[in-house]
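Single chain ahead, written as structure tokens, the form predicted on its own.
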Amino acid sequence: MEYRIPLGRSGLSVSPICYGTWQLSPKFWGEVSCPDIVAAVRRAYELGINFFDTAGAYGDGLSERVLGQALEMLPREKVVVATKVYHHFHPDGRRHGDLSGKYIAQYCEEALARLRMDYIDLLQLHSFDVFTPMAETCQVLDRLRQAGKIRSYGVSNFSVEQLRMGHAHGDFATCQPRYSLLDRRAEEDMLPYCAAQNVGVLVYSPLEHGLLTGKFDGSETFTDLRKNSGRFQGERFRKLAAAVRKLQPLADKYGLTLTQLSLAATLSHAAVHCAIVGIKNAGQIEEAAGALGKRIEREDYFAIRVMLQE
């Protein structure tokens, strides 16, 4: 069964589970099998997932190239592709923030070539650029939309005040904040603001880098980005892993895995439209897709929040 929802005021109709591709960043996650990603993307489409999120910064264009290869054989009008611009990367590995009008226009053309597409459904500002006036950034975004290069635009990693300023100059239709059952900071201001402004919200890291899948016992060690995260170290890691495993009876009640329970609970927040899940293989997207259409009762939802409170 397919599930589609309107993504705020973007005009885009998307699946609540979004296929994320940050894992194609060797700097953060090590090497990943590109053929496995291609197969998983196509499996996602078969399962009714039509929303795919990437960024130029993920592997300095690698993620966009792999996603473009994976989507090339699928009907373009039936998939929604989001990418992000901010990091101006160079062949020698240098990169710096850049949301100047000139760079955004250049990036859009380069991203379209890597994605093998004629237009981008959602172009997001990956971070806030303190150097470029917001009016300049919005002018080029509006020109790209008018030219049919992009359908809509949004932000990621902005503060609520930065997004508010953006709305004084442009039509930012979506926001991509970090949010999970273990990291609820966006509830303080960003999620209420987005709900009030009908801004589509697609949250990243809803499984907290795998911690909310229940596959860890707290004794594991890591060589990727998680090696520097306090949630994956020492007694804190052990306590969190144990707390997640204690959710198993609730998962059983709904016939879900812990991964599916975590995603379904995340999507229960009234302001959250989509959860972006980093997927490395077909088995992972099959499990994540099992959260589509699942509803958690109010009492159980708040019980989950209490059990995962640090």
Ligand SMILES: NC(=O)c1ccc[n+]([C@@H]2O[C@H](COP(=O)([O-])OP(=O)(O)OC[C@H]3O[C@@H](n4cnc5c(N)ncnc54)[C@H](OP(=O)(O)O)[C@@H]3O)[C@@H](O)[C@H]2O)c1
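In case it trips you up, residue 1 is the first one in the sequence shown, and so on. Keep in mind that what you see is a predicted model, and the values were worked out from it rather than measured.
Keep in mind that the form predicted in complex with the ligand is not shown, yet the notes after this line are about it.
Comparing 150 to 158, 132 to 140, 188 to 196, 95 to 103 against the ligand in the predicted bound form, the single stretch with non-hydrogen atoms within 4.5 angstroms of it is 150 to 158. Although the partner is absent from the chain shown here, none of 244, 253 and 304 has a heavy atom within 4.5 Å of the ligand in the predicted bound form.
Taking non-hydrogen atoms only, residue 121 never approaches the ligand to within 4.5 angstroms in the predicted bound form. Not displayed here, the ligand is kept clear of residue 25 by more than 4.5 Å at the level of heavy atoms in the predicted bound form. Using a 4.5 angstroms threshold between heavy atoms, residue 215 counts as touching the ligand in the predicted bound form. At least one heavy atom of residue 29 is located within 4.5 Å of the ligand in the predicted bound form.
A heavy atom within 4.5 Å of the ligand in the predicted bound form is found for exactly one of 145, 114, 209, 88: 209. Only one of 49, 264, 279, 67 lies close to the ligand in the predicted bound form, with a heavy atom inside 4.5 Å, and it is 279. Annotation for 92 to 115: no interface residues with the ligand in the predicted bound form [heavy atom within 4.5 Å].
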